[in-house]
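Quick heads-up: it's one chain on its own, the form predicted on its own, in structure tokens.
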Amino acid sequence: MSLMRLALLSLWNRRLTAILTILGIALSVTLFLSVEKLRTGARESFANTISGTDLIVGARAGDVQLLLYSVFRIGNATNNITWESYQDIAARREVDWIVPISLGDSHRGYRVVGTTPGFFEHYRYRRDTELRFAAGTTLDDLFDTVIGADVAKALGYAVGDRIVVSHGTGRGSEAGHDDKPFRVTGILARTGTPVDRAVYVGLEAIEAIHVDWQGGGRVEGLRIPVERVRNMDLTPKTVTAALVGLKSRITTFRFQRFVNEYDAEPLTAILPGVALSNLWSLVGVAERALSAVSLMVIVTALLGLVTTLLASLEERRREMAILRANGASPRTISVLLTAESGLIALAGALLGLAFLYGLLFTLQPLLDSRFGLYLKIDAPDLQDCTILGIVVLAGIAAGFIPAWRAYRRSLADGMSIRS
């Protein structure tokens, strides 16, 4: 205890240097733990882009490709599912609910998703979080539309505004379906998922805006008015994909095999969680690079600690000699220097942890509302404690170098005057 008290008094005597070193280690620890939290939060947010959906069914394609166009609205389907096949799958006794998705149109660069009101009822993200409306209500009329939070913010839309859907998925002209405009009836609350970047219309509405189109273009001289379209049979011929919820997850693999071996047409059923993991393995290289960079920052801070201790050792030659003259053994001097290094590392690690939680409490609402990145605030887990322990042990190890030099020096070295 007396040696520890001596180490604390020695640090207090050199408090400015010690505080700067502690701050350096603290900032490094904060950076490393922050990157770990961001990496974990990003991975969890990515993995929870869609949850509560047991299977996604689409035309025969790769798992990642089907996930990209059905959930992330990236790319296009190789083919569609016929309405007859969709109904056959929906009628299976294992199915609890099924939501169709029809893609192919856009609005000012945002994908238009044809679906049913069941989408807003059954879609889940961030484990079991439901979609909420920031304003308005769901689809009621044939030409109603619900828009995501990013669409509303970027284009300045409010409930009641009129929008026109464009044919195709590029940033082309809005003149594609200008004779059949939609009315915004609802704006979804921000989710931080691709839901925010899409425009949602009824499945029948997709058929309605294409009744006078054929082969990707409008039929020359044919323009069917809205009043007449409302009385037409708008049963879809095809859908792009379907989200499926099963009554029991025990039947998931059996139902997946049924879809993959479907006789009427080639189909694919994927497990969203597995496909998301496969996709993350492709795009998650950046997280490993960030971890490596933040680790190097900690190493740099510890090297700075060694440099500081060595520099101070040169200034403390006389102090060490006085301690030796008062009966301190070389081993005691070595332990003293090692204890000082360990105390600095411990203080830096704890201060870094405090900085981390300060940042989490401050930035969590902003990251969640603006970027959809949800960072959990909970007690330090085993990984955090392990990192802090490694930093403290590395700090103690860093003290071995100046301690060894002090151990090797003689009493006369500190009493002599160097010119």
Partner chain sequence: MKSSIWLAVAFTTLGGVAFAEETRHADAHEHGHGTFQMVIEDDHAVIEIAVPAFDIIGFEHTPSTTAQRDAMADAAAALSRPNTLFAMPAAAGCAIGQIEIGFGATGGHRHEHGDQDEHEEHADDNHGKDDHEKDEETHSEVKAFYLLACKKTEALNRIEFGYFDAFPEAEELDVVILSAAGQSAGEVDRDNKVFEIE
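Positions refer to the first chain, counted from 1. In this text the structure is predicted, and so the values were computed from the model without any measurement.
The next section is about a form of this same protein that is not shown, the form predicted together with the partner chain.
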Do N76 and the partner chain come within 4.5 Å of each other in the predicted bound form, heavy atoms counted? no
Taking the shortest heavy atom distance, is G104 within 4.5 Å of the partner chain in the predicted bound form? no
Does at least one non-hydrogen atom of V226 fall within 4.5 angstroms of the partner chain in the predicted bound form? no
Find out whether any non-hydrogen atom of R230 is located within 4.5 angstroms of the partner chain in the predicted bound form, and reply yes or no. no
Only one of these stretches, 24-32, 384-392, 356-364, 53-61, has heavy atoms within 4.5 Å of the partner chain in the predicted bound form; which one is it? 53-61
With the partner chain left out of view, which of G304, G118, G273, G109 would have a heavy atom within 4.5 Å of it in the predicted bound form? G273
Of the residues S291, T300, N260, Q87, which one places a heavy atom within 4.5 Å of the partner chain in the predicted bound form? N260
Any residue of 7-43 that, in the predicted bound form, places a heavy atom within 4.5 Å of the partner chain: none
